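Two forms of a single protein chain come next, each set out by itself as structure tokens; they are called structure 1 and structure 2.
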Structure 1
């Protein structure tokens, strides 16, 4: 009996210690945000199904389960595999734009310019991949060159807001917004009437697939693994490259002097300057790397070889650029966290697009849920500092009170 109580309290102590670790706290608060997002999203479906006569009441529950199922709610096993492969492929650019935003955040910059950097990267890699003949140079070298040129394009584009911010003191948000639209117009201008337009398949709004020039990201058979039998998915090794880059970034930020300088610059620009760091150089480099990351995502997407890149982008910027912001925020601006949150966001999106055929709802539900999750993510600090700490304090009180009843002399040990 006595032993039993002791075990319970020691588990309680362990739980308290475990929960009060900062990393665990962050994860728990993210999970609370996600739960909140789903609850609100489900309430919207429920209210809609109750108030509308056309929508069946059971649809709201079915809708929730379909979203929770992600790509696996596709119906049969083949479709699910196919969708899962595509989901992983679509994660790649989102992870990269998320990393781009996260890195800039660490340096105290808000990189809302990821769409523009993404477009510049797409343009650079597409031009190289389509114009160098693979009969002369091996395709894998062209692929590598295209990837590097794309990244370089994005780095230059990301450097512009960095230069404006560090040398002229202009707010980076405004410069990013302007450069986004400038990039969109440059890309449209360069591609309009060019030889790169997909005339052969009469897809005049799109650029040729890089597979016509045999330039494709290696798939290692993954595309065939994730297929519904007849159609192979777009899956390739891009996502592993993205994850590897995330790990490198994590190490850079946490284990190197340069990473420390970037973070110091983000915490307090003046203090880091006082400590002898070159804060202007750090801002420029941080933005350039962020630009390169976003562009790398674009290059990996385009160089898959089977994607239609819409070249007339001057009226709408690519969504994946902006979606990097929620991916970074939900991941707590930690590179590894960003990877996980990007995969999660794509998972929900895949579930959302499965809603269309199966219920009266549509894919925008998943966006709604994501938006609410991000809204709650804003409270993450509040949840961490107030809700979880309060819970810990309450447990401490209880555990202090409970043994006190049983053995009056042992109550003070806590």
Structure 2
């Protein structure tokens, strides 16, 4: 009997220690959010199939499996490879905007300005890539310069909320919202009536593809590897650059003094100041780096060579800038977790696209399911910091009370 109690107690202690780890808590909270999103999404499919005569009841189950299948739920192997390649390509800007939001969160800041930083990065990289003649300078050097200019543009734009926050105490959310729309109007004004508009393909609302100047992100044959035979995907090395940046960011945050100062500033700005850290500098640098990350995602997307960038953005902001928020939250604001969550979000998005062609559900339903899952991603931090911590606290109380109950006299001392 005592042996059984000891084994149960030792297992309980191990379980509490295991679940108490920050990384484990983040993974568990993210999985709960994903599961909750899928359950509610499936209920929506069930309700629609029951209430509509045009939709088969079996379509609700089939639709769930199609979404879970992502790009692999396509009709054949060629389509699956093609969709998978494009999915990985579209992950790149989402990873970068997710990292932008995650880094700011680590410093105690909410970077809702990623859309504006994204636009400034796109504008800078496109102007450089389309202006410098590749007959004079090698295309790869133009590509590298365009990437760096785009990142610099985002860093400058990201530093503006950092300056207002650190020097004037203005809430960064307010400044970020304003800079988003200022950036949208600047981009629209710069490209309006310019030589960069895609007149040749009669796409007057879009900028020329960088391939017209022979400036393209290297593919290393990945675009042909992920193809359906007739069409090659947009896949390039951009996603590997994004993953490498995430790894560097993870090392910086967890293994360097600068990273420790950023996180300390996020935990308690006043305490970090008392400890001798320059909290104002850290806030400015954090927002500048966050802006550069979002801009890097835009530059990698635009410099692919096959993408049309819509320049009339004064009335709308790029969705990928805002989608970086759930990607960061679902990943626990961990750089590696953000990469995984961004890939997951694009994965189910690809499944939602296949839902339209293989079931009676329309495209709005697939977007609704994806939106529900993204909405649940916003509860990841709440589940980690409240639900799981409460469960651990209750387990500790039970463990503390257990020895007293196991005494022969009911826990009373002689």
Partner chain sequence: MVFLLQKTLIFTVPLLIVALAGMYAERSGIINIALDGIMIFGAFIGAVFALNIRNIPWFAEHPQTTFILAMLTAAIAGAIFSLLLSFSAINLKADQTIAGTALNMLAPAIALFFIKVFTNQDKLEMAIAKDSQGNMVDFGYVIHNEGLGSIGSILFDRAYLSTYIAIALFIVFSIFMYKTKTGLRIRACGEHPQAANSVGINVTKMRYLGTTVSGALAGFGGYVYIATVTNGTASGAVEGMGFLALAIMIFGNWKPFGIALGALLFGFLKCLGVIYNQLSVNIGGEDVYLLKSLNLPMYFYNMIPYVAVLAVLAFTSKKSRAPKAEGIPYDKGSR
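In this text, the rigid core denotes the largest set of C-alpha atoms whose superposition between the two forms falls within 1.5 Å. Positions refer to the first chain, counted from 1. This one's a predicted model, so the numbers in the text were calculated from it and none came from an experiment.
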Give me a 1 or a 2 for the form predicted alone.
2
Using a superposition on the rigid core, decide whether the Cα position of residue 348 changes by 2 angstroms or more between structure 1 and structure 2.
no
